[in-house]
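Only one chain is given next, in structure tokens, and it is the form predicted alone.
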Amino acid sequence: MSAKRSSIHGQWSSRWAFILAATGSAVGLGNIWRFPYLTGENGGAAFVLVYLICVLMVGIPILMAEILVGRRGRQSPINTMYALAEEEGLSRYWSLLGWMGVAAGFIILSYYSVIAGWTVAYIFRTGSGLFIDADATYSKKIFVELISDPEKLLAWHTTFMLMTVIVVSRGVKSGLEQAVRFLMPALFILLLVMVGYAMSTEKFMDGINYLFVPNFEQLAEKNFFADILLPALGQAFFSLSIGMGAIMIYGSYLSQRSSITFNSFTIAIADTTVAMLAGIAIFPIVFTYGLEPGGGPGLIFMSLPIAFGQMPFGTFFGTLFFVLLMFAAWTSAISLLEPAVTWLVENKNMSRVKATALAGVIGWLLGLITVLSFNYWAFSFEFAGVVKENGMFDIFDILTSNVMLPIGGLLIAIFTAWLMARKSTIDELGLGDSLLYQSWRFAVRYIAPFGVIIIFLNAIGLFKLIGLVN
């Protein structure tokens, strides 16, 4: 059935174009911003090892399942789920899975654009020499001034959303593919330059040991389940862009001849490589300049600028680093806007340019809530025992990352491994009834759903309630 379908939006020119695009979707602020500070907070090398296992056992099977669904349906996630449910004799309400993915991606895009705007702002702040000889107080002051000023946040949010809209409006080959063909190699080159600089620092080997050599004395002080397994599982799942419609729509542009298994492993390896390179680039700088590796989310925007202000050629390398962050955010944002655009084109008879403009404006307007969440509309609340201070931004983040994405990933696993005909999945994966196929089916039937359920239960605070975590 899938061989007779074709996407009205176009097709990737090659498997490598798809791999670059899907890797770009997966590689974002989560790899270069979130992964290093999570590693620092949760045990260094031990966290990294568990993270890699989670990518293999949970991330890749669901990634394969989402690409499989996208290629078989070859439409927007909403229409794909409707068509495949009908094909398999299932309820049409499975289209709600597509709606949830598109909605989650759209909400994420609205606040992601604001945070990505910070990276654009920091390119100019660092490049102007603002952080030369800066101390912790001054660095924090610069950051707080930025997020407290809604006009500045709005300007950078608008700039970044416009960058995203321009690329998506140009279509699959002229827009998405051309952008990732430039952005992804550039991102890797910039990372390697940063790694090259890190190799020249005094504490390079300290950073490498921290990242790759487990400290068993430190591990004895940690709760393996709460401090290592749960954050590693969550990072593995979310770093691959699963459950938000982006990978599904990119899969719909994939040639029938291209191997889903090969592509999925390649995307996961590339995504993980970026995270590791980010750690290799950041931790030697952290140790050389006496920063705290477990510095949390402020590691990038408040701590690293201090180091850039002290190091030789720090203005150059600091600017380079934030350009790198912007590229990573840009490739992800493009994939978050695409599912909504394809639905508008398919269902509202719009041109791609008009659909992209409409979706971009709605995403921009929704982003205003996040802009104001850091200043005029800020309020605090407690979720799962943790105090959140940024109002609706935190609510959006909790709703998508802790609820919608895990449920989306779980339902994709159930749909492909439990409800789709075995023949359908064999046909789409092209593996025959081989050991590799059986291994995938077992993982996506049992291991991956179990992992996603653990993420979800922890996210809603159940483990804290029953005392499994502090």
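What you see is a predicted model; the values in this text were computed from it and never measured. We number the residues from 1 along the sequence you see. So that the term is clear: the rigid core is the largest set of C-alpha atoms that superpose within 1.5 Å between two forms.
There is another form of the same protein, the form predicted together with a small molecule; it is not shown, and what comes next is about it.
The stretch from 67 to 75, 141 to 149, 371 to 379, 329 to 337 that comes within 4.5 Å of the small molecule in the model of the complex, counting heavy atoms only, is 329 to 337. Residue in contact with the small molecule in the model of the complex (any heavy atom within 4.5 Å), chosen from L431, A45, L29, L419: L29.
Comment: the small molecule is not present in this chain, but in the model of the complex one of L176, A246, A116, I267 has a heavy atom within 4.5 Å of it, namely A246. In the model of the complex, at least one heavy atom of S239 sits within 4.5 Å of the small molecule.
Residue contact with the small molecule in the model of the complex: Y112 places a heavy atom within 4.5 Å of it. Among heavy atoms of A275, none comes within 4.5 Å of the small molecule in the model of the complex. By the criterion of a heavy atom within 4.5 Å, I108 is counted among the residues contacting the small molecule in the model of the complex. In the core-superposed comparison between this form and the one not shown, M326 has its Cα shifted by less than 2 Å. After superposing the rigid core, the C-alpha of G234 moves by 2 Å or more between this form and the one not shown.
A displacement of 2 angstroms or greater separates the C-alpha positions of T272 between this form and the one not shown, with the rigid core held in common.
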